[in-house]
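Only one chain comes next, encoded as structure tokens, the form predicted alone.
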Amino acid sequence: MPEVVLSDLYKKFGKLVAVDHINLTVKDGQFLTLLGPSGCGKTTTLRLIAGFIKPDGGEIRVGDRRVSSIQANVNVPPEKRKMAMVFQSYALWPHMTVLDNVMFGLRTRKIPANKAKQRAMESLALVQLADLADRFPHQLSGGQQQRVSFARAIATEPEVLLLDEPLSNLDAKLREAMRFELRQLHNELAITTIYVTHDQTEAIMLSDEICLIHKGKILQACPPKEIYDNPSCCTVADFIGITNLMPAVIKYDAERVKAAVIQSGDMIYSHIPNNYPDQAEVTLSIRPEYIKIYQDLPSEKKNVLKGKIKERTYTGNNIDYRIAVQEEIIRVQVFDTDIFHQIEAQVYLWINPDKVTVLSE
């Protein structure tokens, strides 16, 4: 399967810049997710790749083929781009059987009926629906209908698979199950896949690489663990997972070691890059699971804060605390659910210095 390369891709609607000079490479066989809030430009980017929208600038390549280029006046129509798209709505023909729905795209490509049926049944087998080939869409569950739309897409043997929030209409439990099925399907087929979602958990579970888009620009594109542990800015840190964003000032302690002083006056030690000078204003990003709660003063010498528990929420697999350290409210997640700290109890927090991200904002 070929790689997809976006070069200086640009699109505006009136005065609104929807896609702002994006440069991105989706590697051969990679599962890449375009992630971001509503209106950030992720779906517009996907539709530009598919050919449903014409860009105002830039170029799109699929392998060695240029499918869109304003400068070269190239705009290959969607049906000739060797791509398949799965939409948020299932878009199944209600009067056709499951088999006929999957065969539809093959027949429009003038593939003989016997060969189209064989390929359609192979695709249905991949999504474990071959035994439901004679049913109609209204006789299927939502998850089954979505799997039919996947089967229809892969039956055409596309070079690139495009998915526009395909799981958003499913209930939470079915959605989680479909994530695993979709990832397994990708592992089997190794199709270059571009997936659009606003759900950061979904992006982390599914992706080889996440591309976070904000206001038409790419803020960071990298593997899920890297974007979670080393966000490039506050917007990324805040959007991916849960984090504590704390304003701080870089200062030297009495031993001339750099630390970040938060609003409470406490010093937080971490791996502070050399390019942050004394008195530099920064923001610390600290994930709630990287903070430990102690009832008594711990033995650690550094990164210990004294606070008071203000809120406590039991979520099933963890306990979520809000703890006041003077005027700062710090969120902590504890996964040992057998221990409950009481509201208004005085506690000590220890912050792992290896898990503090210093951001220049």
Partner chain sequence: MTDTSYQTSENITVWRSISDSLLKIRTEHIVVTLAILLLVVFVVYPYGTMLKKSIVTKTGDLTLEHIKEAFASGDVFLEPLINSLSISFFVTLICLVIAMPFAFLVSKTDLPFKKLISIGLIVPYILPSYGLSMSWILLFSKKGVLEFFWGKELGFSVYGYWAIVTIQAIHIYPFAFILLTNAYAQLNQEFFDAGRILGGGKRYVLWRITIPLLAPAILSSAILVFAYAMAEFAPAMLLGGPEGIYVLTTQIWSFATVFPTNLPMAAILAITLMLCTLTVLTFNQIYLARRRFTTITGKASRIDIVALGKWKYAALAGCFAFLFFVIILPLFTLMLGAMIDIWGKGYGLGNLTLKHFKEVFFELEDCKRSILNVFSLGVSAGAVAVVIGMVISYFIIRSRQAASRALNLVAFIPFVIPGIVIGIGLILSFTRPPLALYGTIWMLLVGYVIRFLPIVTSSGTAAFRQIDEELEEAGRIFGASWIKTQIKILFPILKSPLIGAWLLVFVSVMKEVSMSSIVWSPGTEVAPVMALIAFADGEFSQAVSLSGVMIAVVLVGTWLAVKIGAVKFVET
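For the two forms, the rigid core is made up of the largest set of C-alpha atoms that agree within 1.5 Å on superposition. Positions refer to the first chain, counted from 1. The structure displayed is predicted, hence computed values, not measured ones.
Another form exists, predicted together with the partner chain; not displayed. Remarks below refer to it.
Undergrad: Considering the partner chain in the predicted complex, which of F180, Y252, Y269, F87 comes within 4.5 Å of it through any heavy atom?
TA: The residue from F180, Y252, Y269, F87 that makes the contact is F87.
Undergrad: Using a 4.5 Å heavy atom cut-off, which residue among L189, A91, A125, C222 comes into contact with the partner chain in the predicted complex?
TA: Looking at the other structure, the residue within range turns out to be A91.
Undergrad: Can we say R47, P77 and F104 each have a non-hydrogen atom within 4.5 Å of the partner chain in the predicted complex?
TA: Answer is yes for this spot.
Undergrad: May I ask you to state whether N169 is within 4.5 Å of the partner chain in the predicted complex, using heavy atom distances?
TA: N169: yes, in contact with the partner chain in the predicted complex.
Undergrad: Give a yes/no on whether Y276 approaches the partner chain to within 4.5 Å in the predicted complex, heavy atoms considered.
TA: Because no heavy atom of Y276 falls inside 4.5 Å of the partner chain in the predicted complex, the answer is no.
Undergrad: For Y294, is any heavy atom within 4.5 Å of the partner chain in the predicted complex, or not?
TA: Residue-level check for Y294: no, no contact with the partner chain.
Undergrad: Even though the partner chain is not shown here, does T156 get within 4.5 Å of it in the predicted complex, heavy atoms only?
TA: It does: once the partner chain is placed as it appears in the predicted complex, T156 has a heavy atom within 4.5 Å of it.
Undergrad: The partner chain isn't shown here, but in the predicted complex, which of 225 to 233, 203 to 211, 244 to 252, 132 to 140 has heavy atoms within 4.5 Å of it?
TA: Heavy-atom contact with the partner occurs in 132 to 140.
Undergrad: Determine the residues of 337 to 361 with a heavy atom within 4.5 Å of the partner chain in the predicted complex and present them in sequence order; the list may be empty.
TA: The stretch does not touch the partner at all.
Undergrad: Indicate whether K115 shows a C-alpha shift of 2 Å or more between the shown form and the other one, with the rigid core used for the fit.
TA: It does not, since the K115 C-alpha is displaced less than 2 Å between the shown form and the other one after the core fit.
Undergrad: Once everything's superposed on the core, is K225 shifted 2 Å or more at the Cα between the shown form and the other one?
TA: After core superposition, the displacement of the K225 C-alpha between the shown form and the other one stays below 2 Å, so no.
Undergrad: By the 2 angstroms cut-off, has the C-alpha of W93 moved between the shown form and the other one once the rigid core is superposed?
TA: Shift at W93: 2 Å or more after core fit.
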